[in-house]
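Form predicted on its own, single chain, as structure tokens, below.
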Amino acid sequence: MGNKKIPNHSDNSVTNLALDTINLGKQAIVFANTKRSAEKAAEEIAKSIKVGNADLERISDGILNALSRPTKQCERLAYCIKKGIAFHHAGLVSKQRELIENNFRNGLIKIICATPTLAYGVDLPAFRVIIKDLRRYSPRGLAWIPVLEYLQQSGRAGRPKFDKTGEAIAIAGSEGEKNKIYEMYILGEPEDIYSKLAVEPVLRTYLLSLIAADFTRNKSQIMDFFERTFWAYQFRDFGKLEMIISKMLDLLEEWEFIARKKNEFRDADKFENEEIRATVMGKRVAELYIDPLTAFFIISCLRNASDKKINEFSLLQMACHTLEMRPLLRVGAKENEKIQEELIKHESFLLEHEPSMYEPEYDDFLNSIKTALMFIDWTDEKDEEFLLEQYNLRPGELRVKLDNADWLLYSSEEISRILHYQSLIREIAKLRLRMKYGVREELLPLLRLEQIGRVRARKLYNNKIKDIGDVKKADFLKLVQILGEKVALNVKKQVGEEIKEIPSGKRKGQISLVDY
């Protein structure tokens, strides 16, 4: 694989290299450090290409139809696709990403401008990789990416089953930057890999899973297991390792996820071998695969909910203030006052104690409020375009957050079941449905029908068709006007009625119904 250093950086460098790749009859991936940068690069390349073809028009239509109502992001992507160019990042929904990847593989799409996530686990026929940005923003400002990440991105070029050779081209802004890139990345050594097991949420989760699965039954077996891990090999200090494990076991016992069967003898050897079992709650938490700390937080919130009035904000803010929901929507300096006002409105519905604004966790708490408010807008039937404009949240990112929220709400539902909080189970189940479809509660009865989503359900409701009974009684022609003929026929069939075939000349006449 060749590595080229471009000494002169300009806005046209990426575009010129992309066009050169197309002229060679090859394909390329352009890596940018942000979603916005990837989109801009794709649009600049697309503007330089004059013609497309019918196949690209078809793919472009598929991009637009991936959502019930296309957003401005969809429209920008559809424009690029018509020229054989695409951008690819987590803000796209899975159907759009699939269309792009499949049509890059079959050669219809020539250039993909992507964020670094495409560098992992995706095998695409790119002859050339163009790395637009080798620095990205971090908590300490603009920083160079790791050598390992550079190698991952470069490694997308010249895949064995597609090409015999490949080119990785890094864009440099100056002669000094060119030398820096050469020293850091061409000559540089990849960083060491470290075990993630040392991270507390990971360790808590796996420790509880081992106990819940009866894989280990006492502390001696637990230590024996962890001493064989890559973490222990790197850590080497087994005394400190045992201290960390003991701390985790004490926490799990305090949270009532494990129980220790006390032995008659209390000497050190007997203590090491006392039986450790998962409680009923501990087993379910392990099966749900959530961090035990998250489970303990949810249990505490649900106990508070059992004796106070709650609403959807109560449950959504609870779900948002967990590690599993990160990254949360961040509260900017300009919107701080607005979020504070919303917090005052909803303060009585909080299920957790509000931290002091001088405490380090307050920013994270405030972010959970903003994220919960975004979900409330979604369940208030605001569409993807509104969320993109209001929260800078792209449709693909929304889908990920909705999936995570559903997982956490389902976990809350299961925990409520063990705690015998029947009223909470009903509220959570109802909220999960509303989150799935993005609707107000009044539309839930209509969503039981196939082919009826949030848009069609709202149209029916606004036309005084509010439940299954109303659908059954509704005049067929009225349903056709609201839903279209095919969907209206299907809906009538679902409620136990079948429309006889309508001769084309009688479509405006009396319609006869037959019991299905």
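Start at 1 and count along the sequence shown; that's the residue number. In this text, all values refer to a predicted model and were calculated from it rather than measured experimentally.
In what follows, reference is made to the form predicted in complex with the DNA, a form of this protein that is not presented.
Taken together, the three residues K72, L373 and I468 all stay farther than 4.5 Å from the DNA in the model of the complex, as judged by their closest heavy atom. With the partner omitted from this view, the residue of A333, M357, I344, L187 that lies near the DNA in the model of the complex is A333 [heavy atom within 4.5 Å]. Interface residue among A213, V199, L293, A90, judged by heavy atoms within 4.5 Å of the DNA in the model of the complex: A90. Not displayed here, the DNA is kept clear of S48 by more than 4.5 Å at the level of heavy atoms in the model of the complex. In the model of the complex, the DNA lies farther than 4.5 Å from every heavy atom of R454. Heavy atoms of Q481 never reach within 4.5 Å of the DNA in the model of the complex, leaving it off the interface.
In the model of the complex, the DNA stays beyond 4.5 Å of every heavy atom belonging to R204. The stretch from 232-240, 358-366, 281-289, 161-169 that comes within 4.5 Å of the DNA in the model of the complex, counting heavy atoms only, is 281-289.
Contacts of stretch 35-55 with the DNA in the model of the complex, defined by any heavy atom lying within 4.5 Å, are made by K35, R36, K40, listed in sequence order.
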